[in-house]
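What follows is a single chain, given as structure tokens, in the form predicted on its own.
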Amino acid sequence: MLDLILTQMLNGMASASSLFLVASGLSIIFGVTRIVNFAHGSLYMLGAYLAVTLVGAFGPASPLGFWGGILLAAFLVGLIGIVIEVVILRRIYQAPELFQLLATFGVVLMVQDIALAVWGPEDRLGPRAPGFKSFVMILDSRFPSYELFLIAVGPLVLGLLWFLFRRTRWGTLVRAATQDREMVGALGVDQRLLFTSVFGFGAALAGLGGALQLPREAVTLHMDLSTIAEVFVVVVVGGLGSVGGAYLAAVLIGVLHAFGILIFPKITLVLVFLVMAVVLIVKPYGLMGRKPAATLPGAAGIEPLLTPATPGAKLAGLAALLLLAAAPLAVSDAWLLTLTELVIFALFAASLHVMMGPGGMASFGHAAYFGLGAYGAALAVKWLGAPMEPALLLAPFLAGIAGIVFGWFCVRLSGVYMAMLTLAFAQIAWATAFQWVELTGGDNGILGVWPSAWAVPKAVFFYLTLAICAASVLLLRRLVFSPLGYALRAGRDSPLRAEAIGIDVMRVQWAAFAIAAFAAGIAGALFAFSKGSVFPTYLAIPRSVDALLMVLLGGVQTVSGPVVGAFAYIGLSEQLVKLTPYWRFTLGLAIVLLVSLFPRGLVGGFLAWRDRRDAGDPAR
């Protein structure tokens, strides 16, 4: 028994070192640039792929060839990080921080297809490390010597980072920029050069973490997204910008995960997110994090004023609605199915916008309410024998109740910490749907969720969907310009002043959170009936990312932006899948270009252009 405990502890420490290498780079990048780098997992993946190629070219049997390939792969990934920062991110530092997240997600899509084109779809197996091919005896158990090497790597890198940040001028500047980067700029430090060096250094650490995985696991095209979620957890639990906190969190999560497999096998999928939720509720800024002293990029500017639609905008919206209503008369059934999904996702995006726009609350887990609405409809049909009509009425309440419960905790945080707590709750909901097989069917989902007989024709269901979604979007729009909406904006722009005039900011945000969850539940229920089935993927991280992309592409600080963004993103995705096998690269490039050209989204960019035009026209 003792040898099992010791072996699991060592396994956890080895995993912790691997997590720390990647998480430390992400923590350093965020601490200085304030960028939530979603592409950090892609840099980790590139490190692994480049190491496979270089080690194979240098000769894996030779220690110099193996370790030389590992180090060179990390160096090359650092150079790639510098290129990403100079070519893409440097152009959008003044944009709202979430648009930078959107740009890094575009990089993720591009890197996935680049890796597919260069290395192919097959998994790659790396060689065993020279000098670490055997095992050691720990009591009565064998333990791989390479795992012991990894255990030593974590503290070694932590010590080197401590020396770098405490004993070098560059490290001092990095620490100063983490605390107050505006003051560093005011003292004459070249911020652009500092940001570039930090991004390259953090990328190299991610590449090193990926390269060192060669003897442990296969290199795959999916290792980027599977890693980035855990890395985000480590960084947030440790405290954003704290390298020491990242190591402490990595050890905590690695050891808990190692023992959780033995003690709580049913919750291993969600254990790290449970840990993050508990830590953020108890310590809102992580184990060793501090309340941010500096403002975020783009946050210092004045938020564009949300104003009611002009007569021209109302006319354009009415024309678009009439065009959609006429679509069944002119398009095929396949296009009608696509339009039905577009309308549903427009409501999904509009529901998230209530939180992100007027409320200023970013959510990385909004798919939880979309998925719970879908499951609410499916469970009503399967277990209660309810037809479509009462199921559509009941389903959003399941999502709304979850929004009330989750929101009570989430509104006590702000910024990235709040966003990550929403992600934690979404992952808990996803794991429940995935593992509660008796109720939800697990990975097999729930089938046979069909509309009532009168709504089976595709045109009829499209009109039903269009009516419900259009009415819901209009109600959400009215909410934005209601007293609740104005109170939300007051709490977003100046919480202290809002509290001083009698607005309970937390209560107002909590109400908006629940309303947004309820509206997302409506979209999820309609989606379930349109597909005829429900699966756990409806609650998964990619669905939440879709919602973020739709809102950001359209424009956060516009009312119609989410609807436009939903049609642009989903429509573009659908067409690119049909046109090219490398649709991810094309979509990612389109996202990066749109963010660069329209840093406030498509609708936000149009409104800014219109305002500049009107300001330059004395006749207007």
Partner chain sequence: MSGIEPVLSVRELAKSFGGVRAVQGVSFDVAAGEMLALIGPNGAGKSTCFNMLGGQLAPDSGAVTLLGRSIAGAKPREIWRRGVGRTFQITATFASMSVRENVQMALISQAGGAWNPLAPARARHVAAAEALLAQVGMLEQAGRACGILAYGDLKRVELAIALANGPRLLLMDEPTAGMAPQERIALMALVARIAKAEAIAVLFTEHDMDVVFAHADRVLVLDRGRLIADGPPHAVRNDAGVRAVYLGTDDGAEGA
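Positions refer to the first chain, counted from 1. Note that this is a predicted model, so its numbers are computed, not measured.
Although it is not shown, the form predicted together with its partner chain is what the next lines describe.
Proximity of residue 450 to its partner chain in the model of the complex: non-hydrogen atoms within 4.5 Å are absent; the residue sits far from the partner. Residue contact with its partner chain in the model of the complex: residue 508 places a heavy atom within 4.5 Å of it. Of the heavy atoms in residue 142, none are within 4.5 Å of its partner chain in the model of the complex. Heavy atoms of residue 490 reach within 4.5 Å of its partner chain in the model of the complex, making it an interface residue. Among 152, 262, 501, 322, the residue placing a heavy atom within 4.5 Å of its partner chain in the model of the complex is 501. With the partner removed from view, the residue among 334, 330, 475, 439 that has a non-hydrogen atom within 4.5 Å of its partner chain in the model of the complex turns out to be 475. The stretch among 406-414, 386-394, 153-161, 482-490 whose residues place heavy atoms within 4.5 Å of its partner chain in the model of the complex is 482-490.
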